[in-house]
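Two versions of one and the same chain are coming, encoded as structure tokens; call them structure 1 and structure 2.
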Structure 1
């Protein structure tokens, strides 16, 4: 039996805030294969960020273990680049320098890292803004810089917390396609938190649905639309087309149903008829 790439076993997380204790995650079990594109969806406060931070090594579980290639995750590392829920750029650096920081830290040569930075800035559509500072950019643009920074880092795993939440529909779909392209070219493992079920179904190879209080996984479903999106040349139109196929809509509704169903416990009126 081979050890799984990434494994969360019987995870429990309790936060202490003042005198109160919040159970953010309870008995979470999860196995992720190398090269997976895992989308985490669920209502606000269900523990998506908490789970992501566990894998990033920002947080240690109160119970259970998170293992990467069989070894416990003890802290953050450059093999797991993170895009936080809010853009966390270095305001004293230009956009270019921000994206450059990972390769620069690893000691990549100047010409080579210039190529990398320019490549990823182009992907997120911000080449013209390379010499600007983050405070001269909109929130959505800043988040795209953070995405470029994480991707430029050559990490095996990329953890993204609602990276496209602040973008308009058009930019968002462009970014989804670019991310899919990078994913398929590099074979990175991507774990992607989103509020948008449609985004999850379109991009992921797996969609994981979580519910709050306490946070746990209620559904883990393979999806297969991302591969077909990549083979199509006219990707932008095909994304719209795929999203309106009956197969896509069926999966989306199934996932929506599981989110809504678990969020609203049956009311006493409906269940207490007889």
Structure 2
């Protein structure tokens, strides 16, 4: 049998809050194929970010294992990169230097890392801003730098925690298209946390719906709109046209129904573990 690319097996996460035990995740099983664009959605507090942090290696499960290519994830590693909601760029560094951090830390030679940085800055459309500092850029441009930095580290998996949540609506749609373009060109595996179901349906190849705490997976829905957008001109017009189709609206409503159907949570503090 082929070893799954990325796998979460019987994951449970719990922690103490005073005298109570809080169940954050319970019996989470998930297999992700290489090259997938997986979106995690669900009510606030359902464990989306917790699951992302387990894959990143920032947290360890109380029960179960997270495996990448059959190897247990025991901590952060260069094979996984994280892009947060607010770009965590080094303000004293130029755009070029921020993107160069990963290759430089790994000891990549100067000529090779110059080629890498220039390649990814071109990919995100920021070549002419290489010597600018983050404070000189718009929010959307800063997020592009964060994406370029993640890609320049040559990570196998890019983990994104509501990366466009702080952007205005127009910039957000622009970044959705930009990310789809980058994903299609690089073939990276992307795991994307969002509260926006419409964003998940437009960008993902799969949408995972999670319940309120303790978080469990209640739906794993394949979606195809991202691929159809990539065969188009990838313009804002095509994105909005796709979002207005009856097929898109039907999938969005199906997912919303799944979220709302699970949105009557138990007490946030649940004693005992399962």
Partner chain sequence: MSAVLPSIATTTDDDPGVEARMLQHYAGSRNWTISLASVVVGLCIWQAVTAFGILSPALLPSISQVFHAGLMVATEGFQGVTLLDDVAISLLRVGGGFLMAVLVGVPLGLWIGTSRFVESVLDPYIQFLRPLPPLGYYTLLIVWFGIGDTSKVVLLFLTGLPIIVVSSAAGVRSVDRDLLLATSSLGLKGFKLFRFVVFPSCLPAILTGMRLALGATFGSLVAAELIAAESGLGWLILTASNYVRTSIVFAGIIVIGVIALVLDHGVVLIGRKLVPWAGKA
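Whichever C-alpha set is largest while still superposing within 1.5 Å between the two forms counts as the rigid core. Positions refer to the first chain, counted from 1. These numbers were taken from a predicted model, which means no experiment stands behind them.
A.B. asks: Working through the pair one at a time, identify the form predicted alone and give its number.
C.D. replies: Of the two, structure 2 is the form predicted alone.
A.B. asks: Would residue 168 and residue 39 land in one rigid part between the two structures?
C.D. replies: Same rigid part: residue 168 and residue 39 travel as one unit between the two structures.
A.B. asks: Work out from C-alpha fits how many degrees the smaller rigid part twists against the larger between the two structures, would you?
C.D. replies: Comparing the two forms, the minor rigid body swings through 18 degrees.
A.B. asks: With both forms fitted on the core, how large is the C-alpha shift of residue 84 between the two structures in Å?
C.D. replies: Displacement of the alpha carbon, after core fit: 2.7 Å.
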